[in-house]
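Given next, in structure tokens, is a single chain: the form predicted alone.
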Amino acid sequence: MSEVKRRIVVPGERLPPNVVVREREHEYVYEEEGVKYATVIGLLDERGENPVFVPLQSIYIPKPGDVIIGLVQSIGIMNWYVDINSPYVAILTAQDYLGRPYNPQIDDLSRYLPVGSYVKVKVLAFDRTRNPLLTVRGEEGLGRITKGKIVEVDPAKIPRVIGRKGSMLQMLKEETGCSIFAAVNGRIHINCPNPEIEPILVLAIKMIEEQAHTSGLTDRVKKYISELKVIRGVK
């Protein structure tokens, strides 16, 4: 049996020449004269044939097709300005959200999406020369979030919250009975039928964020949830 090899990499550290960098994470590695270096703290997983670099901190860069969770920041004449946990402020047009022509003399946008409300949206377009454009059309479940709670983590930790082949996410759902949507921009929507389990799930998610670089995390989080249930008398 080969030895498990995973180690922390710091910014500026040289990476193996055959390192694998996942699609969304190329910005966290730069190459100079054929040598690759990390730009953020990360985890180098050398268990497979090719080592894999996984950043442990990141910023969210929008990509068309991403389904994310936005926070209404302000309201314009014909659109909402939406915080998507990114350096870029996104735009959701009134016509897209309402699904009909919009008349600013009749409609008050704050009636539909007031400042401070969360909305599940899809990135329709983005090319770094203008604000990302959002939509609530073309996919089931998009629109204003009216129930549950939003938990924020570093976008780099979302793959760990989901787990390999969805294993961590499935465990969280089974142990809590909550519905969970982990968006790539670092916002997680949880909705728990039992309100007493909600704070336990939040603590479990924060544990995953803090210990994302460690192995055996799924089993530890499962045990942690069980212990908290006993301590708090939650079934």
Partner chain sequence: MGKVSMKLINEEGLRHDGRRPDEMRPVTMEVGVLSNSDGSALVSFGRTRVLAAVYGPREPPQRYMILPDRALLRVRYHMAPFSTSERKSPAPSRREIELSKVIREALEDIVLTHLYPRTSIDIFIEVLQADGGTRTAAVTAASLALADAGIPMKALVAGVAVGKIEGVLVLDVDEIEDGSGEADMPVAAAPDIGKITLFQLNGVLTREEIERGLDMALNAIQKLVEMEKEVLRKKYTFNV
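Residue numbers count along the first chain shown, from 1. If you're wondering where the values come from, they're calculated on a predicted model, not measured in any experiment.
Although it is not shown, the form predicted in complex with the partner chain is what the next lines describe.
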inquiry  = When the partner chain is placed as it is in the predicted bound form, are G12, P87 and R220 each within 4.5 Å of it, taking any non-hydrogen atom of the residue?
reply    = yes
inquiry  = Is it the case that E174, even though its partner is missing from this view, gets within 4.5 Å of the partner chain in the predicted bound form, heavy atoms only?
reply    = no
query = Though only this chain appears here, would Y118 touch the partner chain in the predicted bound form if you measure heavy atom gaps against 4.5 Å?
reply = no
In the predicted bound form, F126 touching the partner chain (heavy atom, 4.5 Å) = yes
ask   = Is N191 a contact residue for the partner chain in the predicted bound form, using a 4.5 Å heavy atom cut-off?
value = no
key: Listed residue (V184, A38, I180, L44) with a non-hydrogen atom within 4.5 angstroms of the partner chain in the predicted bound form   = A38
Among 195-203, 163-171, 46-54, 27-35, the region lying within 4.5 Å of the partner chain in the predicted bound form by heavy atom distance = 27-35
query = Heavy atom within 4.5 Å of the partner chain in the predicted bound form: which residues of 57-83 qualify?
reply = Q57, I59, I61
